[in-house]
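In the structure tokens that follow, a single protein chain appears in two forms: structure 1, then structure 2.
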Structure 1
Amino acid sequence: MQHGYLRRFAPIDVLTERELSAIHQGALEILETCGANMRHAKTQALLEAAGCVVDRSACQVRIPPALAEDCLRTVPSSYQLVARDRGMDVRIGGDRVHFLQGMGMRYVDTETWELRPATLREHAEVQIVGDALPNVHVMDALFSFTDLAGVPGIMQQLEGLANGFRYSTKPQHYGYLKDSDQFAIRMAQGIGVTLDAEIDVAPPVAFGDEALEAIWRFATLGWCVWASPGGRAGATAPGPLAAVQVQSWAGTMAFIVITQLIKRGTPVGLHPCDGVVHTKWAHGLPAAPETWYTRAMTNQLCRRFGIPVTTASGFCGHAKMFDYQAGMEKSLGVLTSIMTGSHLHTLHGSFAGELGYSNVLQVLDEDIAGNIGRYLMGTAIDDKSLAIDEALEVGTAPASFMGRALTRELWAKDRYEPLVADWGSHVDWVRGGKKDVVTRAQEKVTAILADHTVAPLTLEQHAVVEDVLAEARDYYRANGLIADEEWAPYMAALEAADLP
């Protein structure tokens, strides 16, 4: 089991209990009065049978507060993700903090800072590096590079997941796209693992058919589904930050009602994508202070109601290079979210507002995770750690504690050592060639790819992956989602993949 980090102290509250209640009551009022929008007949029938009022002409489902609160009570406060190496399993929730790979569309060239589609090999290398980094607890193989050169759009998530299984033993995270989740589930079942799935709640409070089909598939299995509401202040939600929270919580509550009616006890996580938008261009701002504060409110709501929260605060930032802005945005976003109670934090490798993904940045982000993780661990307060006897024995200066057994015991195991951040002296930096941190991270990526070995899939697991991929290709080709003109380049890309 990967235990991540145990937060030794209480998370920060940004709302009073009365304010939390006001947000919760506001969400219930929206669900009861306006309702959630969906046209998915099977889900409408499920909700109607449970006492909801369904207006089929308007596709609105009004949810009684009592039903919403009843369903809220049966959501587990934590869930376990099963990995193909059971030592890599994770349990998300409680006072544990874990990190998840980030997501991005394209490969970042660190010479030119241009973005381009990634190759399948580059995608595989991201999985290998993620597998090697101790603070990447959950892999996000499908979302690292969602623009794979030569691979048809409909197959990118599945090809990504297959690479994730091939090149990492850690748990995998999935999404959904035109039934692709059914293939992902079969792949996972054949390998012997579970997946969690990130599923959109279209703001304000609406559910697409594909999202609901995916919820049904995962919830029927009792696998965790993440509600991902994305209301943006003044755009897809009212302008005030509190109102964004009310909208997101309403969407989440509707999501919870659906999952719990499908199967009681199904784990639900909240993965908010809400926040504020750019004041001029109206694109989303994942690394703005207003968005971070919105996440803080979400985190507290989830803690209040015992729901695992999997946030992405500041995970990608808006910087265009791996520079001061990039580090500032990512660090502050992650820290403010984790300090207010998030459980699984999306972080490693994402860049430029999800437009880019980089193995180099994945390594750089490892130090953000490691520093914050060490901070969360704090220190024990007991006779040994207070070390009064040690202090009395050694006395005052010029005596020092450097050679003491207690120092030796703690020095290596109690101190965070950065992976690429340079904590050495200026003299040593000059003598070492004045390398910047990006150069050091590039060197680390090269070293990991040369040295890290991932336990391969068994022959049976490998066969499952290949069989499911082949079946999915046939399925999507038959229903026109892989066009004839895409097929030859796709096969050529697979042929030329030169996978590790």
Structure 2
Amino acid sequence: MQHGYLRRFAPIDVLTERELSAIHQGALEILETCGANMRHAKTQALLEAAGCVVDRSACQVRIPPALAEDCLRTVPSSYQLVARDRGMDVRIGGDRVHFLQGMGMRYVDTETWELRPATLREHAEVQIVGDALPNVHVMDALFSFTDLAGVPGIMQQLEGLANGFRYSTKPQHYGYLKDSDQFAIRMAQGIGVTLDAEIDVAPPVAFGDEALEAIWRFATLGWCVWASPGGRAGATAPGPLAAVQVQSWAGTMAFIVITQLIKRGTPVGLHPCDGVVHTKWAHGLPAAPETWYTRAMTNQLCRRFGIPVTTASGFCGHAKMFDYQAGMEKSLGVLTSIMTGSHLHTLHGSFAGELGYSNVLQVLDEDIAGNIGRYLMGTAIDDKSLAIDEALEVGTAPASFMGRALTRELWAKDRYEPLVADWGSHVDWVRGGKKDVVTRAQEKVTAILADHTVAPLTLEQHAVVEDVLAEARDYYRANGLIADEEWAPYMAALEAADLP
């Protein structure tokens, strides 16, 4: 089991109990009065049988407050992800903090900072490096590069997940896209692992048919599903931050009602994608302090009701290079969320508003995760660590403790050592050629790819992956979602990747 980091101190509250109640009651009023928008007949019937008022002509389902609050009480406060290597299993929730591989669209050249589609081989290398980094606890193979050269759009998530299984033994995350989740589930079952699924709640409070089909598939299995509401203040949500929170919480509760009516006790996590937009250009600002604050409010609400939280705070800012701005946006975003109680943190490798992904940045982000993790661990407070007898023995005159037995015993036990950050002296830096941290990270990536070995799939697991991929390809060709002109480049991309 990967235990991550234990948060040794109580999370910070950003709202009073009265303010929390006001948000919760406002969300209940929205669900009772306006309801959730959905046209999915099977889900409408399920909710109607539970006492909801269904207006089929308007595709609106009004949810009674008592039902919403009853379903909230049945959501587990934690859930477990089963990995290919059971020693890599992860339990999300409680006072534990873990990190999730980030997501991005395209590969970046760190010489020119130009973005381009990634090859399947480059995608595989991201999985190998993530597998080697101790603070990447959960992999996100379907989203680390979502623009794969030669791969039809409909197959990119499944090809990414297959690469994740081939090149990492850690748990994997998934999503949904035109029934691709049914193939992902079969692949996972054949390998003997579980997935959790990130499923959108369209703002204000709406559920598409594809999303609901995916919820049914995962909830029926009892696998965790993440509610992912995405309202942006002034655009797809009202302008005030509190109103964004009311809308997102209404969508989350509607999501929870659906899952719990399908199968009581289904784990549900919250992965909020809400926040604010640029006041001039109206694009999303994931690294704005206002967005971080909306996530802090979410964290406190979830703590109140025992809902595990996966946060995107800090995973990706607005910086276009791996510079001071990138480090500031990532570290402050993650830390503000962890301090207010979130559990799983998307971080490693993403930048430029999710347009880019980099193995070099994945290694740089390892130091952010490691530093924050060390901070969370705190320190022991006991007779030995207080060292009062030691202080009394040495006295208060100028002295050194470096030669003392207690110091020698404990000197390095609670010290964090960065992976690539340079904590040496300026003199040593000059003597070493004045390497910047990006160069050091590039060298680390090269070393990992040369030295790290991932336990391969068994022959049976390999066969399952290939059989499911072949069936998915045939399914989407037959349904016209893989065009004839896409097929030859697709096969060429698979051959060029030289995958096992």
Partner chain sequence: MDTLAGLAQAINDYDAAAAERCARQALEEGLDPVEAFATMTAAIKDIGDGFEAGTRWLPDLIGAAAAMQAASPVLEEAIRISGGKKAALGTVVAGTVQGDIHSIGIEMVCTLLIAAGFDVHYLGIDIPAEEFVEAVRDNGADIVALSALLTVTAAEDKKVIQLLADAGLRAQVKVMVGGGAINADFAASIGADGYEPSAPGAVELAKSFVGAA
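Not measured: the values here are computed from a predicted model. Heads up, when I say rigid core I mean the largest set of C-alphas that superpose within 1.5 Å between the two forms. Residue indices: 1-based, along structure 1.
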Subject >> Pair member that is the form predicted in complex with its partner chain >> reply: 1
Original post:
Taking the rigid core as reference, does D422 move its C-alpha 2 Å or further between the two structures?
Top reply: no
Original post:
Taking the rigid core as the reference frame, is the Cα of T396 displaced by 2 Å or more between the two structures?
Top reply: yes
